[in-house]
Ligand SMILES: C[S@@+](CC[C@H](N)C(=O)[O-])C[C@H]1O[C@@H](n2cnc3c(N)ncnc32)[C@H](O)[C@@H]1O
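Just the one chain here, laid out as structure tokens, in the form predicted alone.
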Amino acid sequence: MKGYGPETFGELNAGDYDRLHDPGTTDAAVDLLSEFALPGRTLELAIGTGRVALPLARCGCRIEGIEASAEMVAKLREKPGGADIPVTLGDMASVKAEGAFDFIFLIFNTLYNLTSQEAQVRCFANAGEMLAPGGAFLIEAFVPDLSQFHNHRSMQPRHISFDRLAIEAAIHDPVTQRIDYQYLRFTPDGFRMTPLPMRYAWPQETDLMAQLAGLTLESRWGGWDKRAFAADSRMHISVYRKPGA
């Protein structure tokens, strides 16, 4: 999508991100992430407004972040405790936070915001380089479901009420595994379009990205409650381990 860079999502969504992007899994995510984050040093890629980082910090985790959007970081800084979390601004596929980390995580499908396989491979390599020996890298991502597309196109209502309408339109390119979304919102205040390009990857593909980065799959679950990953799982939480010293 022309003109859409690593910082664009935050530029378009920071103002109402917390209101419109709550997956309802924060408590469960914090519970599982804290098992890996304590007692070592932790880094969240695409830390955003701190939905997960702030409760982890309140649990005693030593957490830092990388974030491409200054607008998202500004929202983090407005929250109690947000000014205390170190954040490095830049593209998570290339920029590095200082030092080595015992645990790094990237959740809420944000790996797919990197819209090429090359960028996703670089992200895994970057995480692997920042991990201390024996450290773990966790990702959360949806398992692609292409049944929603007809002729590689999809149009779905997301919200309908007396005075509001939200529609999701999407075009799928199976060659590049890319989906270009456009979210259309109609309210009494007017009309708004919010684009979102994504490049999905199959779990086996992320395993190969991890292998190229020197990491090995340790665990895979179908939810934050550690349910078994199965053929009908719509998401996966995968943990990759760097060899010890």
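One-based numbering along the sequence shown. Worth saying up front: this structure is predicted, and the values here are computed from it rather than measured.
Unshown form predicted in complex with the ligand; subsequent notes refer to it.
J.: For the interface check, one of 141 to 149, 166 to 174, 128 to 136, 106 to 114 should have non-hydrogen atoms within 4.5 Å of the ligand in the model of the complex; which one?
T.: Of the options, only 106 to 114 has residues within 4.5 Å of the partner.
J.: I have E64, D102 and F124 flagged as a candidate spot, so tell me whether each of them has a non-hydrogen atom within 4.5 Å of the ligand in the model of the complex.
T.: Looking in the model of the complex, the three residues E64, D102 and F124 all stay beyond 4.5 Å of the ligand (heavy atoms).
J.: Of the residues A46, A201, L56, A213, which one places a heavy atom within 4.5 Å of the ligand in the model of the complex?
T.: Residue within 4.5 Å of the partner: A46.
J.: Do A97 and the ligand share at least one heavy atom pair within 4.5 Å in the model of the complex?
T.: Residue-level check for A97: no, no contact with the ligand.
J.: Within a 4.5 Å heavy atom cut-off, is G90 in contact with the ligand in the model of the complex?
T.: Taking the distances in the model of the complex, the answer for G90 is yes, it comes within 4.5 Å of the ligand.
J.: Do L76 and the ligand share at least one heavy atom pair within 4.5 Å in the model of the complex?
T.: Result no; L76 lies far from the ligand in the model of the complex.
J.: Verify the contact flag for I85: yes if a non-hydrogen atom of it lies within 4.5 Å of a non-hydrogen atom of the ligand in the model of the complex, no if not.
T.: It does not: once the ligand is placed as it appears in the model of the complex, I85 has no heavy atom within 4.5 Å of it.
J.: Would you mind checking 59 to 77 for residues with a heavy atom within 4.5 Å of the ligand in the model of the complex?
T.: Residues within 4.5 Å: E67, A68, S69, M72.
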